[in-house]
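Each of two forms of one protein chain follows alone as structure tokens, named structure 1 and structure 2.
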Structure 1
Amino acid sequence: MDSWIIVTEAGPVAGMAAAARELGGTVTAAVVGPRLLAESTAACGCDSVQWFSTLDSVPAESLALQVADLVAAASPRLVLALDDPAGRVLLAVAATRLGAALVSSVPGLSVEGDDLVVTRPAVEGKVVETLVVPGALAGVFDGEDVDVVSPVPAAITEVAPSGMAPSMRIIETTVAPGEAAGLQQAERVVSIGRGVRKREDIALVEELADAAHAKMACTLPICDDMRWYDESHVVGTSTQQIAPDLYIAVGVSGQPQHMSGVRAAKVIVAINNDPEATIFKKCHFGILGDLYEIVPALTAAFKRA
């Protein structure tokens, strides 16, 4: 059973290719974007790459039909894409062309006889559900990334543009605000939420960040309501997704809109004084206590370490 993956942005592409590999057949990547993206995808464990190059002024979405036609012509059993806006558009158009079932979150999958089987968290994480798909499946991959064992790059074939005038045009791009705070590359991040009572108190947590060689992040209200940090420091659904090795959340309640921004973090630590705080269900380690007592002690420990 063959599969395709659609790539329009960097992300856990190797994890997605590994999930597609479960079907046993070939894995073909359709990449829409710059040459660099095609090359990084080619090293992610797929068999071949079909590359649609785009001009800086053309959004990937304007190639949705051409990509869908190519995917449908191969009639794969499985198509996966990541959850960025363009990836989702391309996936849905391909699914329609294929007549495939469309599943909005696929952390991974397995094959049972002739069926594809997806087991995933559902109902806001209250249950794990098992879905059985007897036919073609198009899914948004939201599993973990993997390291590629033998990075033999796959061959890249450039696909000629269809000749149709693009229906969309990018007329303005704002500098990614995430860059300013350096959170995208950071290995360690300390974040604050509304548990921090006064602006002056941030210094206490910044000292911890210094000692731990970490970058500072925050929840949305710290930016939008308190205006203590600018947008580049905010993590979550409506802002940025980050993947540090260590994420220490200080006085953060752990609402889903915040936690979705750190889902890819390796280890999440929560410091909170409310035993009922949601974050204690979503972290790896927690300290139940007053941040004003815990943070100085933790800073001292990092300084000793």
Structure 2
Amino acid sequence: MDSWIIVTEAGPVAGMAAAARELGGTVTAAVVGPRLLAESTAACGCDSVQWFSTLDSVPAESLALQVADLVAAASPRLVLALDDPAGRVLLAVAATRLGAALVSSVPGLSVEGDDLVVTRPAVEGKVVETLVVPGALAGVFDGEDVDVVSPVPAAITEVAPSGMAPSMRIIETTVAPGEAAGLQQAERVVSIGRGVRKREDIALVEELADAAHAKMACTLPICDDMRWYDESHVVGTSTQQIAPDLYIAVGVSGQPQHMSGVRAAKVIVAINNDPEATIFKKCHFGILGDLYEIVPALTAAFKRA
């Protein structure tokens, strides 16, 4: 069973290639972007790289039809893309061309007979859902990255432009106004999840953010369900993806929908009283305990620094 992976920006490409490798066939990468992205992908465990070069003024989405046609011509059993806006667009178009089942979250997969099996969290991690796909599968990869030991870089083939004029172009790039811009540029971010029990308790965490000279963020349920912050503070798959030097997650369980938004953070610190919380598998430093005791202690430490 052969597989393709679609790459439009840096991320857990090696993990995605390893997941595709579970099918046992070849893994081909379709890379849309600069040569450096193609070269880094070639060292991530795939067998070959089809590289689509783009100009700075042309977004990756403009090549969606050309990428989809190339993928469909190969008739792979599996197509995966990273969880980024352009990757999701290219994946959807490829899935349509291929006639594949489209799955929004693929942490990993396995093969049972002729079926592909995806086990993924659902309902904010409250249940585990198992999907069986008898035909072709296209999915957004949100699993863990892996280390590639002594990789032999795959061959890179540049794909010639189709000859058609780009369907869109970028005419201007500006910094977004408001709180969202602050999160994108922040070197330090403190975020809250459902572990914060009452709205009044936000002040406790905001004091930590002030002491750490950090911006405040939150998970999607804090915005959509609790209405404690507006959407400009939300970090996650469908909102903002940020890359601070330090990310402190307070009472955040660590579901893939949220963690995909902070994959690029240099240091992630998790504070949670549940030893089984998923975030402890995805952070650099974990503090197990009551946030109502830990946060004031951290605040005092930052104030002394």
Ligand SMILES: Cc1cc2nc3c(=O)[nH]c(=O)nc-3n(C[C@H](O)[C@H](O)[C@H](O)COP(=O)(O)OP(=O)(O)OC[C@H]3O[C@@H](n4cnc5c(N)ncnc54)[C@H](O)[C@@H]3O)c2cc1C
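Quick note, the numbers are simply positions in structure 1, starting from 1. Note that this is a predicted model, so its numbers are computed, not measured. Superpose the two forms; the largest set of C-alphas matching within 1.5 Å is the rigid core.
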The same chain appears twice here, once per structure, so which copy is the form predicted together with the ligand? 1
Is residue 35 one of the residues whose C-alpha moves 2 Å or more between structure 1 and structure 2 after the core fit? no
Superpose on the rigid core, then tell me if the C-alpha of residue 143 is displaced by 2 angstroms or more between structure 1 and structure 2. no
Relative to the superposed rigid core, does the CA atom of residue 25 travel 2 Å or more between structure 1 and structure 2? no
Residue 249: how big is its Cα shift between structure 1 and structure 2, in Å, with the core superposed? 3.9
Here the CA of residue 229, compared between structure 1 and structure 2 on the core, is shifted in angstrom by 15.4
